[in-house]
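Just the one chain here, laid out as structure tokens, in the form predicted alone.
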């Protein structure tokens, strides 16, 4: 069997929505009206952005201080090829900028045109976004020179203080499967379930591992397994969540395939949640063949076979 490693691009993404609390809310509300706000700590220093709690007294920060929208670069790093989602789509610098009136530096982008125009100690000022919504992007970037922006509370587009923000989180990468994952995924694309073991005396792992976790020997021997098995443990999902494909309540269970030594997690459908139990015999419900790919999702779910329950002794060492 050809077993060159499979690979595929993966894109993990979600929008993270959170409440910001009174301190960060004050900072973000200030940005919306072209105002940068710091917090004075018990040591007298002005921190930007303001910390939610004083690092010495552990008390909430309540002494807010306006700082300038101009400042001095204290360190920087040039970005010759920006990634998607970074502040600018052409070369720029990430810099730590100590704003006038602040004692700490703020990380932001500087649009200087060339790395030759960047230097530690240079003066920069904020370029504000045209449409400000109350997040850090309200400062589009910093640019060289002095600025004279003043707070613009009269044109604050928001009536209420900022209380929530939504941050998109993205991670794109190419995943290369191991040799064992590759033959397992190729098997699924053919409607087969392949496990792996060290030798005829070894335990059968599905999905297969690269080596036996008990003695480290390679699990080089492939084992084809049936698509029937036994529910070892389960839970009933009653809580809805974003992106959920099945309306609760439904059953998530560990299924020990016949001939395997380790169970894997899958759905149990075509039965009421109250009917599921340890020892229940189940079989895979495959998608139509034309929908198969290199994924365990080829199996839509497992469903009861109607066979008598397995005896506890047959799976008690596989929980």
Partner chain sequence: MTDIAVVGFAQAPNVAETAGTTNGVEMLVPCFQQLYSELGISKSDIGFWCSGSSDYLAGRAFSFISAIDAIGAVPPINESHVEMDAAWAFYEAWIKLMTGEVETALVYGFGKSSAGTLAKVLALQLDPYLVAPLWPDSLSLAGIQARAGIDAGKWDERAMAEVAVRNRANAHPLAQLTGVLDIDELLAADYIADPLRAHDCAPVTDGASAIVLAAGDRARSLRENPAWITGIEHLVDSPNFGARDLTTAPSAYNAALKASGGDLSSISAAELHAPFTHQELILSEWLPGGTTVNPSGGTLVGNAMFSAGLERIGHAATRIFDGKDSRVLAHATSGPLLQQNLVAVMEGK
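Numbering follows the first chain given and starts at 1. In this text the structure is predicted, and so the values were computed from the model without any measurement.
Although not depicted, the form predicted together with its partner chain is the subject of the following passage.
Of the residues 117, 75, 228, 233, just one reaches its partner chain in the predicted bound form with a heavy atom at 4.5 Å or closer; this is 75. Contact annotation: of the candidates 148, 238, 244, 214, the single residue with a non-hydrogen atom within 4.5 angstroms of its partner chain in the predicted bound form is 214. Under a 4.5 angstroms non-hydrogen atom cutoff, its partner chain in the predicted bound form has residue 10 among its neighbouring residues.
Within this chain, residue 202 is remote from the site of its partner chain in the predicted bound form, having no heavy atom within 4.5 Å.
Looking at residue 108, you'd find a heavy atom of it within 4.5 angstroms of its partner chain in the predicted bound form. With a 4.5 Å cutoff on heavy atoms, residue 133 does not count as touching its partner chain in the predicted bound form; it lies far away. Only one of 250-258, 40-48, 267-275, 282-290 places residue heavy atoms within 4.5 angstroms of its partner chain in the predicted bound form, namely 40-48. Within 4.5 Å of its partner chain in the predicted bound form, a heavy atom is found for none of 62, 67 and 122. Contacts to its partner chain in the predicted bound form (heavy atom within 4.5 Å) from stretch 62-98: 74, 75, 76, 77, 78, 79, 80, 83, 84, 85, 86, 87, 94, 95, 96.
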